[in-house]
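Each of the two blocks below gives one form of the same protein chain as structure tokens; they are labelled structure 1 and structure 2.
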Structure 1
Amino acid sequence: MTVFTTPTSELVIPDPRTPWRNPRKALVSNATTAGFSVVIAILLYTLTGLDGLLGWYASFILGLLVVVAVQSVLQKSKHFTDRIASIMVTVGFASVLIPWISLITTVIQRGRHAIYVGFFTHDMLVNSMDEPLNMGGISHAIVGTLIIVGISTLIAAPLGIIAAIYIVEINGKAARTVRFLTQAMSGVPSIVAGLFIYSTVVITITHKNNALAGALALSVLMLPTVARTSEEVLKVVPRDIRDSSYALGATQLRTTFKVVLPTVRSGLITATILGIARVAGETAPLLLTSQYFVKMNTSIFTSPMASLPTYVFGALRTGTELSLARAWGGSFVLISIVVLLSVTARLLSGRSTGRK
């Protein structure tokens, strides 16, 4: 028989806590922590070789860590651990934003110098990369990217959607294997896709670098993205409407094409756009397949073709100040296209299937 004893010395009844609200007491204590951290940060900043805004940030974080560590030793309570944790999580998150903001602002700031009207209408046939920025442009690269990505979409989007239909609609014996392998396929390094198409299409069939090879390489990379997103979209379709269709005597073929696919049309478009956004900026496979060409060129079989990523890469490798500015200009256009595609995809998907 166990005898239960009540603690007689002191019965502590804690205040009811409101974990969802930031209490005033915590605010004061947060301010103390921040104050001490600033002091230590100033010390660190002057003593060590840290410099610039980033140096201030780093020394503040270091100071914060020191203060929090000292406080946690002095004051061992779970509420304190909780505060440390939320500080760490928030700091971790804030630190991640720094490179993102830096990248986006740098691309805009430096890219805008290279951009003028002719940037979108000229190619580089008569100009070299390190000529002044009011000559030459990227029209050939934009057209090239449109052609290459367009062809690869024509190949990869139907195949990806078919793979998704197999996984969700037909759900045959191999469905799990197909699903697993498409997942694994999304991890194929882009350079390997380029090597593969080079070793099959370029060496054996066309014997020269051309846009078609580039498009094929990109479609290898695009297919898994389309397949996976389409699969998610198809899964959202309620079973009931399929069953109703079957009950009316429709075949699976008609059910798929007349009932299921129309329901998720915008979802499938989203999947395709996400696939395009995935590959539009790929450089490595294009270096091996479609390479770069200075002139506007619409032949997909006979000669290399420029594309935005290879333009940026080429300008970067030229290595002069002006060519670097061109590279930033190209990056600006490229990133705008990719961001525009992603935002479109997101808006579409938010409207159609109500996915998170």
Structure 2
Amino acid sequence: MTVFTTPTSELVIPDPRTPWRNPRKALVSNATTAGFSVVIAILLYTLTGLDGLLGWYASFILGLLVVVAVQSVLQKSKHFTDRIASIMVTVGFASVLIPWISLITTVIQRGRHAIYVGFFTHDMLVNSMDEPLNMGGISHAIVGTLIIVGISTLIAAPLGIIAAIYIVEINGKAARTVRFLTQAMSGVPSIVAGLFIYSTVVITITHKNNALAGALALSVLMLPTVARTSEEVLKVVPRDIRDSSYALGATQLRTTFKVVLPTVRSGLITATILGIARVAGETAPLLLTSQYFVKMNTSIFTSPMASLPTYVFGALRTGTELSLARAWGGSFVLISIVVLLSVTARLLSGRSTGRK
């Protein structure tokens, strides 16, 4: 009996997810589609008033839709709706990603001119916003931002998580009221939160602007974000996990803190990160509460404290070319701090989950 074998190198193994698709044929089809789309995009860009990168982007998307529609008609494809839906999903993702990339690129390009070694070690006590960029810095604003946002996180994060635990785990009589209040707080304008703290804390208690008042104003804005996100995270925990803990004799309190919360540790950290990102760039509440101070200050009770948002606001208010460069530099540092905190928190949460 003769057995015929085929060399392994000549076999074309399809993707297990799409065994009916020929990879080479799909590659040729995609290249053809992209080529005709580029041609149509060039025609649209030339004959219409579209301009710039966004004009090219819109022209290519229109061309791609036209080419896919024509191909489906000519080939009598039954997957026309699926291809259009896939393209629209891809376009939607790109439409969200492009502005974000454009924002980051713009901040880096315009803010890098203000960055030098002393920018992170000096304050603005003896310098003004319109002096040369190699003089003065934002060390006072960086320290102030870390202090104010840190205090607001210590206030809002525990309260938000406790509110979420009460709504999901305890589900008491006031659960609906707590959920309604957190939803209502999420719609409070930032200037209103700052005005509220100014009238209740600055005027009646401290009688002066300070970092604590700024942290309280930011905590009002951070609390609903942490609470709502934590609530959704806790709902993801399967009911079977709780029932298993109860079957072993654990109380509700022990189940919540020993089983449920460790299960969603990374999600709660993400909720806190979202809260920090929500308030890190707020300016209006800080202008009413902590204000701006040109000198390094670490006291949270006695005097105003600078922050990166108020530093950027002050630089923009000056309005000169050098001050605008400082504003872009402050924006670049602010975004970098938020990204660094987010990455650090995610790495720590990942390690904790891995150890567990």
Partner chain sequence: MSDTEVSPRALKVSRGTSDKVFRGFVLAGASFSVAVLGLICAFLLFRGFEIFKDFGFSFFTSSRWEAAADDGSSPAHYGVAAMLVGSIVVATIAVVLAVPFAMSVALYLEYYAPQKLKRLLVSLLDLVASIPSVIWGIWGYTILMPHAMGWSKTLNSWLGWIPLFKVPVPIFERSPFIAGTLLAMMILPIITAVTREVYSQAPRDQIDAAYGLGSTKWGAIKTVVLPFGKSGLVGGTMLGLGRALGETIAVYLVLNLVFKVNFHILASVGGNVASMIASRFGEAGPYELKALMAAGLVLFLLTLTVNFMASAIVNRSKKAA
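Everything numeric in this text was worked out from a predicted model, so none of it was measured. All residue numbers here follow the sequence of structure 1, with the first residue given the number 1. Between two forms, the rigid core is the largest collection of C-alphas that superpose within 1.5 Å.
In this comparison the chain labelled structure 1 is the form predicted in complex with the partner chain, and the other chain is not. Val312 is not among the residues whose C-alpha shifts by 2 Å or more between the two structures once the rigid core is aligned; its shift stays under 2 Å. Relative to the superposed rigid core, the position of the CA of Ala41 differs between the two structures by 2 Å or more. The two forms, fitted on the rigid core, differ between the two structures by 2 Å or more at the CA of Phe60. Superposed on the rigid core, the forms differ at Leu340: its CA is offset by 4.5 Å between the two structures. Once the two forms are overlaid on the core, Ala69 shows a Cα shift of 16.6 Å between the two structures.
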